[in-house]
Structure formats: C-alpha cells, structure tokens
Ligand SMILES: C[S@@+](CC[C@H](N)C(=O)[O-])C[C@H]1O[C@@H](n2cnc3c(N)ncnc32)[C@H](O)[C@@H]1O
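This document opens with one chain alone, in structure tokens, the form predicted on its own.
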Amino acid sequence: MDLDAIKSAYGRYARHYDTFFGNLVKPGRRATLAAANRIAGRRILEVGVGTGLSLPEYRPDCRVVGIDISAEMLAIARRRVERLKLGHVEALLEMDAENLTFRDAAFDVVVALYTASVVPNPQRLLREMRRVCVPGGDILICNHFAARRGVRAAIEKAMAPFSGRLGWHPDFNLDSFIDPDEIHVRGMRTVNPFGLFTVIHCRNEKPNGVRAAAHAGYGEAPSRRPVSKEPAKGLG
C-alpha cells in the first residue's frame, strides 16, 4: 500500500467518513483523548487528524496541530474548526506522517488515532512521532491490531490482500510495531466495540528496565522479548 492508494481511499471516504465510521471509532478516540487531556504538556500534534472528529474533545487550554495526507479529509476538518470556533486548534496541515516537517522535540504530546495501520511504513511513523515529541513526552496511539488466532484472525488474514483498496492493513501486528526494549510503554488496554481497538500510552524514553504494561491478548514476537502481560497502567 503506497501513498497514492491511501490518498485515493480516503478521498473516497471523506464525505461519508463521519457517518459510517464516527460511532465505530468513538470509544477509542474518547479513551485516548481523555488520557491526552490529563497530561501536563500542552502543545499537541495529532498525526492523521482526518475529518477532525477529535478536535472538539481536546481541552481548550492546549494548542493542537493536526496533519493528514488527505486534502479532502482536511477540508472537512477545517470547516469543523470554523463552525465550532475551536480556538485551540493552531493549524491543520497536509503532510506525510512518515516525513514530518516539524523540528525535533516540537510537541509535548503526539497522538495517532487509527493511523498506524494506514501508513506504508509504521515503524518509520513511530520514529517520526518520537523525533518530534520532547524527550520524556507522551505518545498516545489508538489502533486496530490483528488477532493472533481464532475467527477474527482468519478474517483479517483473508482481507489483507485488499489493503490498498481498503486504505488500511487488516492484519497489522502489534509486536511488529511496538518494541518494548526501545520505548517505555506506560499502559495499554483494549476498547469497544468488542475490544477491537487498543489504546497505547508510551513515554518517549528508553524503558530503563521498566517492563511494558500491556494487554494480555498479545504475545511474543519472534526476534525479541514479548510485550509484557502485566495489568494496564497509565491510562487512568
């Protein structure tokens, strides 16, 4: 899946995205933004802001910059900001999430809602999110991750060849994305509907021996130690 396929898919989705996906993604969005609103850092980057569904839910004393690859989605987000008079939204920019043009350490908090399984190279996305986040800052991710077994795993595997048309990777694997030896995972939990999405709270620093708090549904990656199976912390 390349950038042209992503732009095409989300250009098609833009007009109807809120209607068809708004309620589906609401629980994960609200859980992630509730965590963001409890964090002291006040300059926030949202990577993959889409139609701006999240923008009214940020606390008004923060400053939010949103980026997205889809001009059609951003046009809707800008109309939302204008209609709702969202003064805390600093800018909405068309930008590739894997090649952010911001300086290093430009943001206190970086948020990615349903974006990690959309980009061509999720590991590069995470590196860019870490680069533009202040050292010791917070990174919040909400995304769908593939099941390891069972009916859902079979369905996701069957859907994988259609990633380009769908605009996302149904078989996106958590262990290939988050390396608990590289980043401190403060908390992780699944959210509805049906536990389909996972909210991850990371601190932008090396773990320093602190085991990652994680959802028990994910196990060992073949080339490194597994994400820990301790109870989730840090999400409140």
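Residue numbers here begin at 1 and follow the sequence given. Note that the structure is a prediction, hence the values are computed from the model and not measured.
Quick note: we don't show the form predicted together with the ligand, though the next part is all about it.
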| query | From the list 118, 129, 109, 92, which entry has a heavy atom within 4.5 Å of the ligand in the predicted bound form? | reply | 118
| remark: Residue within 4.5 Å of the ligand in the predicted bound form by heavy atom, from 97, 133, 140, 77, is 97
| query | With the partner removed from view, which of 31-39, 195-203, 174-182, 60-68 is the stretch that lies within 4.5 Å of the ligand in the predicted bound form, judged by heavy atom distances? | reply | 60-68
| Are any of the heavy atoms in residue 3 no more than 4.5 Å from a heavy atom of the ligand in the predicted bound form? | yes
| query | Though only this chain appears here, would residue 45 touch the ligand in the predicted bound form if you measure heavy atom gaps against 4.5 Å? | reply | no
| message | Test of understanding: in the predicted bound form, would residue 114 fall inside 4.5 Å of the ligand by heavy atoms? | response | yes
| query | At the 4.5 Å heavy atom threshold, is residue 53 in contact with the ligand in the predicted bound form? | reply | yes
